[in-house]
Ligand code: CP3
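Encoded as structure tokens, the following chain is the form predicted on its own, with no partner shown.
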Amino acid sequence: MSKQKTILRVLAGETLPVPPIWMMRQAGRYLPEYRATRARAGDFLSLCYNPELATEVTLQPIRRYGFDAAILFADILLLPQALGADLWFVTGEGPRLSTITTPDELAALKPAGDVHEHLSPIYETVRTLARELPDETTLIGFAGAPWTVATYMIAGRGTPDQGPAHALMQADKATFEGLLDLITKSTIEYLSAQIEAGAEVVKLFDSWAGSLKGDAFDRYALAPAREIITALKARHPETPIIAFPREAGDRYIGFAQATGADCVALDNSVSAKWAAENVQIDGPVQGNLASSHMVTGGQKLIDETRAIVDAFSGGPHIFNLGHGITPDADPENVTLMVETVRAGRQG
């Protein structure tokens, strides 16, 4: 049965007449049913660590839209917490963490192999989803890429330019690279456990890859992704891996070949036509409608959706947004996008 799932067919290199579709952050605040479930949980982290409620919010967009994939509801910062960092969320402002900027703070973190007990509720959510999802729906697990996770651990919060991480990279390369190595190795353990629990695909989110340039991109975005993917392929050779080095620009070219990723997810700062000519030639791609269309809707949403489907129609393509859907999105615009992508299935 699983071999017939459209996402898995595309990730195996098949070009389908109508691309499968899912959305980054498809379970989230734009949906009234999500807001109701989060209210039951009490707070965001309680929702993440409650397998029953995390399963429920993961299933909500599948029930509403019939997406071809469900992505585990969790957060990339659960892994730093499992390593021993303090983590909390400030309403309206986002995550906060205890900072890791010195050798002693780095040394106080747990070894990579010791994250599983803390993350066991996440694995239980994966196991539950593997049982409860419709037969045709692919289950995607995920983690943050080491650079992106490190930027939060070093700054203690999200930053507009990842300046604190760049500063530590220059001031104390040993601590910076030691942290990146620990995140890399623990990410391998985390994603491997998700696969063992039932994830059929895993995705590596490098949301801040675009702030790395030149040699730094090779060392801190590309090389860790290659290490993670190589290790996961050794353990789980049949599991496809999607890499998302957001805003990599020209560095999207050859990223799949350099890292071993089965698919490269694309943000909307590159055009679908350019990506088809320069990235899709190496294999499957995912993307890349601007998430702002989920707010504004209308004919522009329809036109841009059709243009992306057309641009990538010559090769394997999973339709998605160029970044996560935002809380101010209109659920009806998601319906319009899905209907536009799937119009070719009629008749």
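A quick note: this is a predicted structure, and the numbers were derived from the prediction, not measured. Note that residue numbering follows the sequence shown and begins at 1.
Not pictured, yet referred to below: the form predicted together with the named molecule.
- At the 4.5 Å threshold, heavy atoms of residue 300 stay clear of the named molecule in the predicted complex, well away from it.
- The closest heavy atom approach of residue 26 to the named molecule in the predicted complex falls within 4.5 Å.
- By the criterion of a heavy atom within 4.5 Å, residue 267 is excluded from the residues contacting the named molecule in the predicted complex.
- The closest non-hydrogen atom of residue 40 lies beyond 4.5 Å of the named molecule in the predicted complex.
- Checking 259 to 267, 76 to 84, 114 to 122, 190 to 198 against the named molecule in the predicted complex, the stretch whose residues place heavy atoms within 4.5 Å of it is 76 to 84.
- Note on the partner interface in the predicted complex: the residue among 217, 205, 176, 255 having a heavy atom within 4.5 angstroms of the named molecule is 205.
- The contact residue chosen from 163, 249, 94, 103 relative to the named molecule in the predicted complex is 94, the criterion being a non-hydrogen atom within 4.5 angstroms.
- Contacts between stretch 152 to 183 and the named molecule, counted in the predicted complex as any heavy atom lying within 4.5 Å, involve 152 alone.
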